[in-house]
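Each of two forms of one protein chain follows alone as structure tokens, named structure 1 and structure 2.
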Structure 1
Amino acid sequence: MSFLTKIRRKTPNEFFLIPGLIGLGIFVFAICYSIYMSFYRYKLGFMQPNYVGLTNYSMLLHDPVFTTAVKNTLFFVAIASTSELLYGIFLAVLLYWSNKRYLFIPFLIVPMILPAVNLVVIWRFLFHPDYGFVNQILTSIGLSAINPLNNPKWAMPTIILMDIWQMTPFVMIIVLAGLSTVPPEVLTAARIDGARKFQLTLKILLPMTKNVILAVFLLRLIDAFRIFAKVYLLTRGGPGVATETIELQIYNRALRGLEIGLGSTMSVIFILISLVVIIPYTIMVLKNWRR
């Protein structure tokens, strides 16, 4: 037996984890570094880090723009992912009972693969105040033109509508896959008892896919925190601060302004908020993967 084979035999199984752990370790280091830097005032390339204690935190908590950004982010995450979940389940059920579902599915999932830039072009053109498609229709039937992207009250709902348009197919396709795993015998048995489609759906199909539904909801919640490109390209946080989000704040104030200390504080706050949805998801995966 050669020397190399001996070493190979003796390496513990944990050795195989190392490549991935090194890569992920860099990001853990990055998080720790953010926590550390959140107590400093530090402008990259301009000044050395300067310990300021909790000043960054108290400053941000009293900063009206940042607190608005936090509220907007939470509002978006809650409304968008809940609507996508309900609408997605609804569409999945319709497809489940449709005999032509394979005609619909390929077209319905197209929005999901479109880059954010494409969506923004479409949306900006649809809602353009002067020659937008929506206004052309509205004025032609005698209604007054609208300009939701420049209206502080309607800008965020418009972004949410755009996200629903794009991401509902994701919920739909996963829930549909879940529904399809319900064994047909269960349905046949219930049907013999005289249950109708509506009852079958509510009483049997959906309860039997509740794990999938929970999983897809958690995935949507986690993903809804990542709306940077859509908001940045559609409204840049405006009008005013109506669509300002935490990601936009980090991008504009921390990176464009090179304020590493303040940006780290924002990142720490952002991570703490997102942990609320990440922890249940982690527990779910741990349970699923246990061998």
Structure 2
Amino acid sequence: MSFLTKIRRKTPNEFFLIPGLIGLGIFVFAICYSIYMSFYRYKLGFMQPNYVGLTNYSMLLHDPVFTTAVKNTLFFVAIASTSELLYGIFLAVLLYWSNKRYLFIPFLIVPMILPAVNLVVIWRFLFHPDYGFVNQILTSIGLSAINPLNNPKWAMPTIILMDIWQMTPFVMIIVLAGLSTVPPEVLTAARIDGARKFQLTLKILLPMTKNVILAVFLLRLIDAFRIFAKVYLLTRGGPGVATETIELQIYNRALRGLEIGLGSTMSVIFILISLVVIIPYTIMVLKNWRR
């Protein structure tokens, strides 16, 4: 018996929970401290904390830039996560019925494994107004060049499109794994009864992988709130406030402006919005799993 095996057998299982509990404790402390500081007006290095009650909350709720950031964040979360789910399911079904799926999967998951910086460089090159690939195609067919990242109307849809391109493969892989767990005997019996691929997909495959689909949508819903890197690297929240998000506002106010009180208030509001969106859906997913 090896030395490590002896240690493992003599160590209580609860001991291995300690690192996770330490991390959870730090996380809970940070949230509690943010809630505490949200009631103070405090600019780091310039003034001492000054208790102001709910003034920070009132100020932010009447701040047009912050309210725009909230709307942009919710718009991104709703459109990006829903589009990725639908497109991911569509690709997963196509791959499930393909005999050569393993030839396509490596190419489809490339955007998912790219770091955010690399992804932004590619996206900027695609839409560059002078030598971008998209504009070269448009000008070659007689259309005018576009620069969507500098257009208030198209900047956020462009970022959403980039996120769909990157994260749809994640949904596709998870759903495809769920589809692969459907017993082949069920499909064989349905084929004997005359069912075709379209009917098999709608009546058997998708209903039997419903829990997987609900779970992967929950993961994308949670992750969609974390859009700081893409927005910061692509547009810095511009043009104007067209792509301003809550995370970007927190960064600008707390880390760059050193306004710890307002930054903490924004963080608390951001957490509350996330919980309001995520918790009801999480409860629905858990109820489906228990059936």
Partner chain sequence: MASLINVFLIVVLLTVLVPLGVLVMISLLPPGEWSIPPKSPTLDNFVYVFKEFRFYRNMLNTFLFIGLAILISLVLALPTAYAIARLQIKYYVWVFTVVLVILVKSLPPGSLLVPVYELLWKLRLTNTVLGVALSYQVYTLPFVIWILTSFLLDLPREVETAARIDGAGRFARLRHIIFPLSIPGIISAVILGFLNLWNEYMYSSVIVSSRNLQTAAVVLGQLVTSEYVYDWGILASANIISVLPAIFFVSFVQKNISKAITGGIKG
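Each form is matched to the other, and the largest set of C-alpha atoms that superpose within 1.5 Å is called the rigid core. Structure 1 provides the reference sequence; residues are numbered from 1 along it. Note that the coordinates shown come from a computational prediction; the quantities given were computed from them, not determined experimentally.
By the stated condition, namely the form predicted in complex with its partner chain, the first structure is the one that fits. For I279, the Cα coordinates differ by 2 angstroms or more between structure 1 and structure 2 after the core has been superposed. On the core-superposed pair, the CA position of G20 changes by 2.6 Å between structure 1 and structure 2.
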